[in-house]
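What follows is a single chain, given as C-alpha coordinates, in the form predicted alone.
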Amino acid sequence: MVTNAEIAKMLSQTADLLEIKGENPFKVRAYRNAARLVENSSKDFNKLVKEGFDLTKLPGIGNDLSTYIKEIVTTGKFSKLEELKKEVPQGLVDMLAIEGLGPKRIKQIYDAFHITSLDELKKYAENGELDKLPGFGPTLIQKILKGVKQLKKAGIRFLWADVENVAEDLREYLLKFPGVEIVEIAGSYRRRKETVGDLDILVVAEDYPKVSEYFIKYHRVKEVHSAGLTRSTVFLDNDLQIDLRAVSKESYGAALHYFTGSKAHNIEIRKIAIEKGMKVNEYGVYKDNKRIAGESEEEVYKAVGLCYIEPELRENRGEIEACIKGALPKLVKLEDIKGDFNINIDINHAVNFAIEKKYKYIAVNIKSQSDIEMIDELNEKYKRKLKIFKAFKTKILKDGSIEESELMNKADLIIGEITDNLDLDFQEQTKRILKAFEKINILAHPTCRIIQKRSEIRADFEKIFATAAEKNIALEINANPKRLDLPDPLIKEAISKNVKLIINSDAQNEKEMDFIKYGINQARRGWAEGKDIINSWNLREVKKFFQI
(Lines give C-alpha, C1' and ligand atoms only; values in the text may rest on other atoms or scores of the structure.)
Protein backbone atom coordinates (compact mmCIF):
# COMPACT_ATOMS: atom_id res chain seq x y z
CA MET A 1 0.00 0.00 0.00
CA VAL A 2 1.17 3.52 -0.83
CA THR A 3 0.81 6.13 1.91
CA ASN A 4 -0.34 9.72 1.47
CA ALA A 5 3.21 10.87 2.24
CA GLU A 6 4.62 8.68 -0.53
CA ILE A 7 2.07 9.95 -3.07
CA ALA A 8 2.83 13.55 -2.09
CA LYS A 9 6.58 12.96 -2.38
CA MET A 10 6.24 11.63 -5.93
CA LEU A 11 4.09 14.57 -6.98
CA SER A 12 6.48 17.05 -5.37
CA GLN A 13 9.51 15.46 -7.05
CA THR A 14 7.71 15.67 -10.39
CA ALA A 15 7.14 19.38 -9.83
CA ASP A 16 10.86 19.88 -9.10
CA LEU A 17 11.95 18.12 -12.26
CA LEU A 18 9.41 19.92 -14.45
CA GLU A 19 10.59 23.23 -13.03
CA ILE A 20 14.20 22.48 -13.96
CA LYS A 21 13.11 21.56 -17.46
CA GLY A 22 11.44 24.95 -17.76
CA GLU A 23 7.90 23.62 -18.04
CA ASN A 24 4.83 25.84 -17.74
CA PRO A 25 4.78 27.36 -14.22
CA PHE A 26 1.05 26.65 -13.90
CA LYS A 27 1.67 22.96 -14.48
CA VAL A 28 4.46 22.96 -11.87
CA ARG A 29 2.20 24.74 -9.38
CA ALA A 30 -0.59 22.24 -9.99
CA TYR A 31 1.70 19.37 -8.98
CA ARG A 32 2.88 21.23 -5.88
CA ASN A 33 -0.67 22.06 -4.80
CA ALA A 34 -1.75 18.46 -5.32
CA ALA A 35 1.20 17.21 -3.28
CA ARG A 36 0.28 19.57 -0.45
CA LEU A 37 -3.38 18.51 -0.58
CA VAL A 38 -2.53 14.82 -0.35
CA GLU A 39 0.08 15.27 2.38
CA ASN A 40 -2.18 17.36 4.62
CA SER A 41 -5.33 15.33 4.08
CA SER A 42 -6.71 13.07 6.79
CA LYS A 43 -8.35 10.98 4.07
CA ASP A 44 -6.50 7.86 2.95
CA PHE A 45 -6.00 8.24 -0.80
CA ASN A 46 -5.32 4.53 -1.11
CA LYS A 47 -8.80 3.89 0.21
CA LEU A 48 -10.38 6.65 -1.91
CA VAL A 49 -8.97 5.19 -5.11
CA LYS A 50 -9.92 1.61 -4.26
CA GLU A 51 -13.48 2.69 -3.41
CA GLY A 52 -13.77 4.45 -6.76
CA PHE A 53 -14.04 7.95 -5.32
CA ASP A 54 -13.97 10.71 -7.95
CA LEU A 55 -10.75 12.55 -7.07
CA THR A 56 -11.64 15.47 -9.34
CA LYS A 57 -14.14 16.53 -6.67
CA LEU A 58 -11.17 17.56 -4.53
CA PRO A 59 -9.85 21.13 -4.94
CA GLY A 60 -7.01 21.40 -7.44
CA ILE A 61 -7.28 17.82 -8.73
CA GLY A 62 -8.11 17.73 -12.43
CA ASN A 63 -8.51 14.74 -14.72
CA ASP A 64 -4.78 14.35 -15.38
CA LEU A 65 -3.74 14.52 -11.72
CA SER A 66 -6.57 12.17 -10.79
CA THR A 67 -5.22 9.64 -13.29
CA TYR A 68 -1.67 10.07 -12.00
CA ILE A 69 -2.68 9.55 -8.36
CA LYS A 70 -4.59 6.41 -9.33
CA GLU A 71 -1.50 5.12 -11.11
CA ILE A 72 0.66 5.73 -8.03
CA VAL A 73 -1.83 3.99 -5.75
CA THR A 74 -2.37 0.95 -7.97
CA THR A 75 1.24 0.41 -9.10
CA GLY A 76 3.34 2.07 -6.42
CA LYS A 77 5.15 3.96 -9.17
CA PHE A 78 4.67 7.05 -11.33
CA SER A 79 5.77 6.57 -14.93
CA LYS A 80 5.97 10.30 -15.64
CA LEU A 81 8.35 10.78 -12.71
CA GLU A 82 10.50 7.85 -13.81
CA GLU A 83 10.79 9.36 -17.29
CA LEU A 84 11.77 12.74 -15.85
CA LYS A 85 14.41 11.14 -13.63
CA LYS A 86 16.09 9.77 -16.76
CA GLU A 87 16.13 13.26 -18.22
CA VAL A 88 17.11 15.34 -15.16
CA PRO A 89 19.95 14.32 -12.79
CA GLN A 90 19.12 14.49 -9.07
CA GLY A 91 22.06 16.83 -8.46
CA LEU A 92 20.29 19.50 -10.49
CA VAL A 93 17.23 19.21 -8.26
CA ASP A 94 19.44 19.72 -5.20
CA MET A 95 20.75 22.96 -6.72
CA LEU A 96 17.26 24.50 -6.61
CA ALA A 97 17.74 25.03 -2.87
CA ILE A 98 20.67 27.40 -3.46
CA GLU A 99 19.83 31.09 -3.24
CA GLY A 100 20.14 32.73 -6.66
CA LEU A 101 19.93 29.52 -8.66
CA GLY A 102 16.56 29.13 -10.31
CA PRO A 103 15.68 26.53 -12.96
CA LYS A 104 16.90 28.73 -15.83
CA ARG A 105 20.37 29.26 -14.34
CA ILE A 106 20.67 25.59 -13.41
CA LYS A 107 19.87 24.69 -17.02
CA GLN A 108 22.43 27.29 -18.13
CA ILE A 109 25.11 25.65 -15.95
CA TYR A 110 24.21 22.18 -17.13
CA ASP A 111 24.21 23.11 -20.81
CA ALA A 112 27.62 24.74 -20.47
CA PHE A 113 29.49 22.27 -18.26
CA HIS A 114 27.22 19.18 -17.80
CA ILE A 115 27.53 19.61 -14.03
CA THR A 116 25.31 17.12 -12.25
CA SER A 117 26.38 17.26 -8.57
CA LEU A 118 27.00 19.76 -5.79
CA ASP A 119 30.67 18.76 -5.62
CA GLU A 120 31.11 19.55 -9.31
CA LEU A 121 29.26 22.84 -8.87
CA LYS A 122 31.60 23.80 -6.03
CA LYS A 123 34.65 22.91 -8.11
CA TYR A 124 33.55 25.05 -11.07
CA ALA A 125 32.64 27.96 -8.78
CA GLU A 126 36.06 27.85 -7.12
CA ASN A 127 38.15 27.51 -10.29
CA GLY A 128 36.55 30.49 -12.06
CA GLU A 129 34.72 28.56 -14.77
CA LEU A 130 31.24 29.70 -13.67
CA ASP A 131 32.36 33.34 -13.93
CA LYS A 132 32.45 32.91 -17.70
CA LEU A 133 28.67 32.49 -17.90
CA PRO A 134 26.53 35.59 -18.55
CA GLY A 135 25.08 36.95 -15.31
CA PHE A 136 27.36 34.92 -13.03
CA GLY A 137 29.13 37.71 -11.17
CA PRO A 138 31.14 37.58 -7.91
CA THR A 139 28.05 38.00 -5.71
CA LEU A 140 26.27 35.04 -7.27
CA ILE A 141 29.41 32.89 -7.11
CA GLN A 142 29.67 33.58 -3.37
CA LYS A 143 26.01 32.67 -2.93
CA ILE A 144 26.61 29.41 -4.77
CA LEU A 145 29.62 28.49 -2.62
CA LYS A 146 27.70 29.32 0.56
CA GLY A 147 24.65 27.43 -0.70
CA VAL A 148 26.66 24.28 -1.44
CA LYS A 149 28.15 24.38 2.05
CA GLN A 150 24.74 24.81 3.66
CA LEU A 151 23.17 22.03 1.62
CA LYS A 152 25.83 19.61 2.79
CA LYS A 153 24.57 20.23 6.32
CA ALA A 154 20.90 20.37 5.33
CA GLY A 155 18.40 17.56 5.63
CA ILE A 156 18.84 17.25 9.39
CA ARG A 157 15.60 17.89 11.24
CA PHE A 158 15.25 18.20 14.98
CA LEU A 159 12.29 17.52 17.23
CA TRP A 160 10.69 20.83 18.23
CA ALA A 161 11.27 19.99 21.88
CA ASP A 162 14.97 19.35 21.24
CA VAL A 163 15.56 22.90 19.99
CA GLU A 164 13.28 24.66 22.48
CA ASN A 165 15.93 25.22 25.14
CA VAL A 166 18.59 26.56 22.77
CA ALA A 167 16.01 28.74 20.97
CA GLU A 168 14.83 30.36 24.18
CA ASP A 169 18.39 30.63 25.52
CA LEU A 170 19.42 32.43 22.34
CA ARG A 171 16.44 34.76 22.68
CA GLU A 172 17.50 35.72 26.21
CA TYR A 173 21.16 35.97 25.17
CA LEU A 174 20.38 38.44 22.38
CA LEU A 175 17.97 40.52 24.46
CA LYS A 176 20.78 41.17 26.95
CA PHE A 177 22.77 43.08 24.33
CA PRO A 178 22.43 46.89 24.65
CA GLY A 179 20.24 48.42 21.97
CA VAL A 180 18.35 45.23 21.11
CA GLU A 181 14.62 46.00 21.22
CA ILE A 182 12.94 42.88 19.81
CA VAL A 183 14.02 39.28 19.30
CA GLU A 184 11.57 36.80 17.75
CA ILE A 185 12.06 33.27 16.45
CA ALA A 186 10.09 32.72 13.27
CA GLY A 187 9.79 29.81 10.82
CA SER A 188 8.49 26.35 11.63
CA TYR A 189 9.58 26.84 15.25
CA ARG A 190 7.02 29.62 15.70
CA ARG A 191 4.37 27.55 13.92
CA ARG A 192 5.14 24.79 16.47
CA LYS A 193 5.75 22.11 13.84
CA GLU A 194 6.77 18.68 15.11
CA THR A 195 10.26 19.02 13.65
CA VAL A 196 12.47 22.00 12.86
CA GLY A 197 15.17 22.23 10.18
CA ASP A 198 16.76 25.51 11.32
CA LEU A 199 15.98 28.61 13.32
CA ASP A 200 15.19 32.01 11.78
CA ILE A 201 15.70 34.74 14.38
CA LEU A 202 14.59 38.31 13.69
CA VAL A 203 16.15 41.17 15.62
CA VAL A 204 15.32 44.85 15.85
CA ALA A 205 18.38 46.67 17.15
CA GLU A 206 20.17 50.04 17.04
CA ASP A 207 23.45 48.62 15.68
CA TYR A 208 23.01 45.27 13.93
CA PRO A 209 26.71 44.72 13.02
CA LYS A 210 27.59 44.84 16.73
CA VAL A 211 24.71 42.50 17.53
CA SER A 212 26.04 40.13 14.86
CA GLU A 213 29.49 40.16 16.45
CA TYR A 214 27.88 39.31 19.78
CA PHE A 215 25.67 36.63 18.19
CA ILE A 216 28.53 34.67 16.61
CA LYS A 217 30.24 34.49 20.03
CA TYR A 218 27.33 32.49 21.50
CA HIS A 219 28.92 29.64 23.44
CA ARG A 220 27.41 26.84 21.33
CA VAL A 221 28.48 28.22 17.94
CA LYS A 222 30.72 25.69 16.22
CA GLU A 223 31.05 27.34 12.83
CA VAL A 224 30.39 30.84 11.53
CA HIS A 225 29.05 30.54 8.01
CA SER A 226 28.55 34.26 7.37
CA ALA A 227 28.35 37.55 9.27
CA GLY A 228 26.94 40.21 6.97
CA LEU A 229 25.40 43.64 7.38
CA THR A 230 21.82 42.32 7.58
CA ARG A 231 22.12 38.55 8.01
CA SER A 232 24.40 36.18 9.90
CA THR A 233 24.42 32.39 9.78
CA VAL A 234 26.04 29.97 12.22
CA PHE A 235 25.98 26.26 12.94
CA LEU A 236 25.81 25.08 16.54
CA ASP A 237 27.60 22.14 18.10
CA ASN A 238 24.63 19.91 17.21
CA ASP A 239 24.67 21.11 13.53
CA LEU A 240 21.53 23.21 13.99
CA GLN A 241 21.64 26.17 11.61
CA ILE A 242 20.71 29.58 13.02
CA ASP A 243 19.99 32.56 10.76
CA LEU A 244 19.94 35.98 12.43
CA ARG A 245 18.28 38.73 10.37
CA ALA A 246 18.28 42.47 10.92
CA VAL A 247 14.78 43.98 10.67
CA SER A 248 13.68 47.61 10.87
CA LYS A 249 10.98 48.45 13.38
CA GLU A 250 8.60 49.74 10.70
CA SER A 251 8.93 46.45 8.78
CA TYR A 252 9.01 44.10 11.78
CA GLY A 253 5.44 42.75 11.39
CA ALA A 254 5.85 42.14 7.66
CA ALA A 255 9.17 40.37 8.20
CA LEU A 256 7.77 38.26 11.03
CA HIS A 257 4.84 37.23 8.86
CA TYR A 258 7.07 36.46 5.88
CA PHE A 259 9.65 34.40 7.77
CA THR A 260 7.07 32.59 9.92
CA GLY A 261 5.43 31.11 6.83
CA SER A 262 4.31 28.67 5.80
CA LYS A 263 5.22 29.26 2.18
CA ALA A 264 1.78 28.05 1.08
CA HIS A 265 0.03 30.44 3.50
CA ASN A 266 2.15 33.38 2.39
CA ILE A 267 1.44 32.69 -1.28
CA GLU A 268 -2.30 32.89 -0.61
CA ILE A 269 -1.88 36.17 1.29
CA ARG A 270 0.08 37.61 -1.62
CA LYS A 271 -2.65 36.52 -4.05
CA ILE A 272 -5.29 38.34 -1.98
CA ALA A 273 -3.10 41.44 -1.91
CA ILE A 274 -2.61 41.38 -5.69
CA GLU A 275 -6.38 41.13 -6.20
CA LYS A 276 -6.73 44.32 -4.14
CA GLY A 277 -4.01 46.12 -6.10
CA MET A 278 -1.42 45.71 -3.35
CA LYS A 279 1.90 43.97 -2.86
CA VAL A 280 3.06 42.10 0.25
CA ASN A 281 6.69 41.23 0.98
CA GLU A 282 9.05 41.02 3.94
CA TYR A 283 9.31 44.81 4.10
CA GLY A 284 5.64 45.70 4.25
CA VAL A 285 2.33 46.03 2.42
CA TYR A 286 2.44 48.42 -0.51
CA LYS A 287 -0.25 50.30 -2.43
CA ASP A 288 0.87 52.31 -5.47
CA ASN A 289 4.48 51.86 -4.30
CA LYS A 290 3.63 53.42 -0.93
CA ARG A 291 4.08 51.32 2.19
CA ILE A 292 0.75 51.26 4.02
CA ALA A 293 1.40 48.58 6.66
CA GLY A 294 4.13 46.41 8.12
CA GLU A 295 4.97 47.39 11.68
CA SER A 296 2.88 44.54 13.17
CA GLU A 297 1.44 41.28 11.86
CA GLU A 298 -2.05 42.45 12.80
CA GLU A 299 -1.47 45.47 10.57
CA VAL A 300 -0.39 43.25 7.66
CA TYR A 301 -3.49 41.07 7.89
CA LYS A 302 -5.81 44.04 8.32
CA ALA A 303 -4.34 45.76 5.26
CA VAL A 304 -5.38 42.83 3.04
CA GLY A 305 -8.82 42.59 4.66
CA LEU A 306 -8.17 39.68 7.02
CA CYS A 307 -8.22 39.10 10.75
CA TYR A 308 -5.10 38.01 12.63
CA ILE A 309 -4.34 34.31 12.11
CA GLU A 310 -2.41 32.43 14.79
CA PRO A 311 0.99 31.09 13.63
CA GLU A 312 0.04 27.45 14.30
CA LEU A 313 -2.80 27.70 11.75
CA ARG A 314 -0.74 29.12 8.88
CA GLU A 315 -0.52 26.03 6.66
CA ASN A 316 -3.09 26.92 3.96
CA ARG A 317 -5.51 24.35 5.31
CA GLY A 318 -8.59 26.53 5.32
CA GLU A 319 -7.50 29.16 7.83
CA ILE A 320 -7.90 32.04 5.37
CA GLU A 321 -11.40 30.95 4.38
CA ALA A 322 -12.30 30.51 8.07
CA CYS A 323 -11.02 34.01 8.79
CA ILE A 324 -13.18 35.48 6.04
CA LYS A 325 -16.22 33.65 7.44
CA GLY A 326 -15.43 34.69 11.01
CA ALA A 327 -15.02 31.02 11.91
CA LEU A 328 -11.43 30.75 13.14
CA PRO A 329 -11.13 28.57 16.25
CA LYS A 330 -10.34 30.04 19.66
CA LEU A 331 -7.33 27.82 20.19
CA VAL A 332 -6.80 25.92 23.42
CA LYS A 333 -4.06 27.26 25.72
CA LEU A 334 -1.81 25.62 28.29
CA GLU A 335 -3.54 27.50 31.09
CA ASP A 336 -6.84 25.83 30.07
CA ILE A 337 -5.53 22.39 31.10
CA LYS A 338 -6.95 21.12 34.38
CA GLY A 339 -5.49 17.60 34.48
CA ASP A 340 -3.62 14.69 32.92
CA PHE A 341 -5.07 11.21 32.37
CA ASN A 342 -2.10 9.04 31.40
CA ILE A 343 0.51 9.09 34.17
CA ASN A 344 2.91 6.21 34.85
CA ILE A 345 4.97 7.52 37.77
CA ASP A 346 4.96 7.27 41.57
CA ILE A 347 1.52 8.33 42.77
CA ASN A 348 2.77 10.72 45.45
CA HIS A 349 5.05 12.48 42.96
CA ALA A 350 2.19 12.74 40.45
CA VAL A 351 -0.08 14.25 43.10
CA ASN A 352 2.54 16.77 44.23
CA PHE A 353 3.12 17.86 40.63
CA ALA A 354 -0.62 18.19 40.03
CA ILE A 355 -1.13 20.32 43.14
CA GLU A 356 1.81 22.53 42.17
CA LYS A 357 0.24 23.02 38.70
CA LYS A 358 -3.15 23.65 40.32
CA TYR A 359 -4.73 20.79 38.40
CA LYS A 360 -8.27 19.85 39.39
CA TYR A 361 -7.89 16.14 38.59
CA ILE A 362 -5.47 13.50 37.33
CA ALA A 363 -5.64 9.82 36.43
CA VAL A 364 -2.75 7.58 37.49
CA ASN A 365 -2.23 4.16 35.95
CA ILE A 366 -2.64 1.52 38.66
CA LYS A 367 -0.46 -1.59 38.77
CA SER A 368 -1.40 -3.17 42.12
CA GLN A 369 -3.92 -3.29 44.94
CA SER A 370 -1.63 -1.06 47.01
CA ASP A 371 -1.90 1.62 44.29
CA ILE A 372 -5.66 1.54 44.65
CA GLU A 373 -5.46 1.89 48.43
CA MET A 374 -2.99 4.76 48.16
CA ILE A 375 -5.22 6.65 45.72
CA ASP A 376 -8.20 6.22 48.05
CA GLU A 377 -6.15 7.66 50.93
CA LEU A 378 -4.90 10.58 48.85
CA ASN A 379 -8.39 11.35 47.59
CA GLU A 380 -9.52 11.65 51.18
CA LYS A 381 -6.52 13.81 52.08
CA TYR A 382 -6.83 16.19 49.11
CA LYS A 383 -10.57 16.04 48.49
CA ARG A 384 -10.87 19.83 48.38
CA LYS A 385 -7.88 20.28 46.07
CA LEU A 386 -7.60 17.37 43.66
CA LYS A 387 -9.56 14.39 42.36
CA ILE A 388 -7.38 11.35 41.58
CA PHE A 389 -8.86 8.81 39.20
CA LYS A 390 -7.67 5.23 38.90
CA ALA A 391 -6.72 4.39 35.33
CA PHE A 392 -5.79 0.96 34.03
CA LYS A 393 -3.66 0.88 30.88
CA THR A 394 -4.04 -2.29 28.84
CA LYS A 395 -2.71 -3.70 25.62
CA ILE A 396 -5.03 -4.04 22.61
CA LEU A 397 -4.39 -7.48 21.16
CA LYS A 398 -4.26 -8.40 17.50
CA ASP A 399 -7.92 -9.41 17.35
CA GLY A 400 -9.12 -6.28 19.17
CA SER A 401 -9.61 -7.90 22.55
CA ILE A 402 -7.65 -6.49 25.48
CA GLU A 403 -5.37 -7.93 28.13
CA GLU A 404 -7.68 -8.18 31.11
CA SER A 405 -6.88 -8.02 34.83
CA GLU A 406 -8.75 -8.02 38.11
CA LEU A 407 -7.57 -4.44 38.55
CA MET A 408 -9.78 -3.37 35.64
CA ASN A 409 -12.90 -3.82 37.74
CA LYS A 410 -11.54 -1.36 40.32
CA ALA A 411 -10.42 1.26 37.80
CA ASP A 412 -12.37 4.38 36.88
CA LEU A 413 -10.98 4.45 33.33
CA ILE A 414 -9.55 1.95 30.88
CA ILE A 415 -6.82 3.18 28.52
CA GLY A 416 -6.14 0.96 25.53
CA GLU A 417 -2.92 1.06 23.53
CA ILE A 418 -1.57 -0.78 20.49
CA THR A 419 2.03 -1.90 20.95
CA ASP A 420 2.51 -4.63 18.36
CA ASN A 421 1.16 -5.98 15.07
CA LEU A 422 1.51 -2.49 13.63
CA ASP A 423 1.70 -3.81 10.08
CA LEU A 424 -1.82 -5.27 9.96
CA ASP A 425 -3.63 -4.38 6.76
CA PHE A 426 -6.03 -1.45 6.58
CA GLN A 427 -9.22 -3.42 7.25
CA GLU A 428 -7.83 -5.61 10.04
CA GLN A 429 -6.30 -2.70 11.91
CA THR A 430 -9.57 -0.80 11.70
CA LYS A 431 -11.59 -3.78 12.98
CA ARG A 432 -9.10 -4.23 15.80
CA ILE A 433 -9.54 -0.67 17.07
CA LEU A 434 -13.32 -0.65 16.70
CA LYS A 435 -13.60 -3.88 18.68
CA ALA A 436 -11.38 -2.45 21.43
CA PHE A 437 -13.79 0.49 21.71
CA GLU A 438 -16.23 -1.91 23.38
CA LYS A 439 -13.93 -2.16 26.40
CA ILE A 440 -11.92 1.07 26.69
CA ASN A 441 -12.55 4.75 27.50
CA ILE A 442 -9.41 6.26 25.95
CA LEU A 443 -7.37 5.20 22.92
CA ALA A 444 -3.74 6.09 23.60
CA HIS A 445 -1.35 7.31 20.84
CA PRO A 446 -3.89 6.32 18.15
CA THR A 447 -1.60 6.07 15.08
CA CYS A 448 1.35 4.52 17.00
CA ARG A 449 3.84 6.69 15.14
CA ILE A 450 7.25 7.69 16.44
CA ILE A 451 8.38 10.85 14.66
CA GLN A 452 11.21 10.26 12.16
CA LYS A 453 11.42 6.60 13.20
CA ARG A 454 8.09 4.84 12.73
CA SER A 455 5.21 5.58 10.38
CA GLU A 456 1.56 5.70 11.35
CA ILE A 457 -0.48 2.51 11.29
CA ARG A 458 -2.87 2.18 8.36
CA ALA A 459 -6.50 2.30 9.44
CA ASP A 460 -9.80 3.87 8.44
CA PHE A 461 -9.74 6.89 10.72
CA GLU A 462 -12.96 8.26 9.28
CA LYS A 463 -14.74 5.17 10.61
CA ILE A 464 -12.73 5.28 13.85
CA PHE A 465 -13.69 8.92 14.42
CA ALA A 466 -17.36 8.28 13.71
CA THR A 467 -17.46 5.37 16.17
CA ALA A 468 -15.47 7.24 18.83
CA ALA A 469 -17.92 10.15 18.65
CA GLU A 470 -20.90 7.80 18.87
CA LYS A 471 -19.56 5.80 21.84
CA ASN A 472 -17.90 8.67 23.75
CA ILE A 473 -14.42 7.20 23.36
CA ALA A 474 -11.72 9.82 23.92
CA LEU A 475 -8.78 9.84 21.54
CA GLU A 476 -5.48 10.83 23.05
CA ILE A 477 -3.13 13.51 21.85
CA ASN A 478 0.00 11.92 23.28
CA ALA A 479 2.21 14.84 24.28
CA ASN A 480 5.52 12.98 24.25
CA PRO A 481 7.54 15.04 21.72
CA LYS A 482 8.68 11.84 20.01
CA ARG A 483 5.05 10.89 19.37
CA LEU A 484 2.72 13.93 19.23
CA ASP A 485 0.05 11.48 18.28
CA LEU A 486 -2.57 12.30 16.90
CA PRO A 487 -0.88 14.11 14.00
CA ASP A 488 -2.37 17.59 13.49
CA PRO A 489 -4.29 16.87 10.22
CA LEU A 490 -6.05 14.00 12.03
CA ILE A 491 -6.80 16.23 15.02
CA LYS A 492 -8.53 18.69 12.69
CA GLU A 493 -10.49 15.87 11.04
CA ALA A 494 -11.45 14.32 14.40
CA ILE A 495 -12.79 17.64 15.66
CA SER A 496 -14.89 18.03 12.52
CA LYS A 497 -16.45 14.64 13.38
CA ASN A 498 -17.22 15.78 16.96
CA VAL A 499 -14.63 13.48 18.53
CA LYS A 500 -13.47 14.51 21.98
CA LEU A 501 -9.72 14.54 22.53
CA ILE A 502 -7.56 14.37 25.63
CA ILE A 503 -3.99 15.69 25.92
CA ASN A 504 -1.90 13.35 28.07
CA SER A 505 1.75 13.49 29.09
CA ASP A 506 2.19 9.67 29.19
CA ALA A 507 4.85 10.58 31.75
CA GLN A 508 7.34 7.91 32.78
CA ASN A 509 9.06 10.27 35.25
CA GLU A 510 8.31 13.59 36.97
CA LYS A 511 10.08 15.69 34.34
CA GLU A 512 7.89 14.25 31.60
CA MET A 513 4.69 15.47 33.27
CA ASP A 514 5.60 18.83 31.73
CA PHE A 515 5.20 17.27 28.27
CA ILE A 516 1.60 18.53 28.28
CA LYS A 517 2.86 21.78 26.71
CA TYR A 518 3.98 19.90 23.59
CA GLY A 519 0.54 18.35 23.32
CA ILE A 520 -0.93 21.85 23.45
CA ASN A 521 1.27 22.85 20.49
CA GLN A 522 -0.05 19.88 18.55
CA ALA A 523 -3.67 20.51 19.51
CA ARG A 524 -3.43 24.13 18.38
CA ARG A 525 -2.00 23.07 15.01
CA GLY A 526 -5.02 20.79 14.72
CA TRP A 527 -7.46 23.69 15.31
CA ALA A 528 -8.51 22.44 18.77
CA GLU A 529 -10.51 24.65 21.11
CA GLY A 530 -11.02 24.13 24.82
CA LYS A 531 -14.40 22.51 24.22
CA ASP A 532 -12.69 19.80 22.14
CA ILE A 533 -10.16 18.87 24.86
CA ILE A 534 -11.62 16.87 27.76
CA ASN A 535 -8.93 17.83 30.26
CA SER A 536 -9.75 21.51 29.84
CA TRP A 537 -13.27 20.82 31.18
CA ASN A 538 -14.39 21.11 34.78
CA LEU A 539 -14.57 17.99 36.95
CA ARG A 540 -18.34 17.63 36.66
CA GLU A 541 -18.15 17.61 32.85
CA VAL A 542 -15.32 15.07 32.88
CA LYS A 543 -17.21 12.70 35.16
CA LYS A 544 -20.32 13.03 33.02
CA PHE A 545 -18.44 12.21 29.79
CA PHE A 546 -16.75 9.11 31.22
CA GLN A 547 -19.79 8.22 33.37
CA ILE A 548 -17.71 7.90 36.55
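One-based numbering along the sequence shown. If you're wondering where the values come from, they're calculated on a predicted model, not measured in any experiment.
Beyond what is shown, the protein has a form predicted together with a small molecule; the following relates to that form.
Would you please decide whether residue 259 lies within 4.5 angstroms of the small molecule in the predicted bound form, comparing each non-hydrogen atom pair? Residue 259: yes, in contact with the small molecule in the predicted bound form.
Can any non-hydrogen atom of residue 263 be found within 4.5 angstroms of the small molecule in the predicted bound form? Heavy-atom contact with the small molecule at 4.5 Å: present for residue 263.
Looking in the predicted bound form, any heavy atom of residue 416 within 4.5 Å of the small molecule? Output for residue 416 is no: heavy atoms all beyond 4.5 Å of the small molecule.
Spell out, yes or no, whether the shortest heavy atom distance between residue 100 and the small molecule in the predicted bound form is within 4.5 Å. Taking the distances in the predicted bound form, the answer for residue 100 is no, it never comes within 4.5 Å of the small molecule.
Within 4.5 Å of the small molecule in the predicted bound form, heavy atoms considered, which of 476, 200, 312, 297? Looking at 476, 200, 312, 297 one by one, just 200 meets the 4.5 Å heavy-atom criterion.
Tell me, out of 387, 157, 431, 410, which residue has a non-hydrogen atom within 4.5 angstroms of the small molecule in the predicted bound form. When the small molecule is considered in the predicted bound form, the option within 4.5 Å is 157.
In the predicted bound form, segment of 265 to 273, 89 to 97, 335 to 343, 369 to 377 with a heavy atom within 4.5 Å of the small molecule: Careful reading of the contacts points to 265 to 273.
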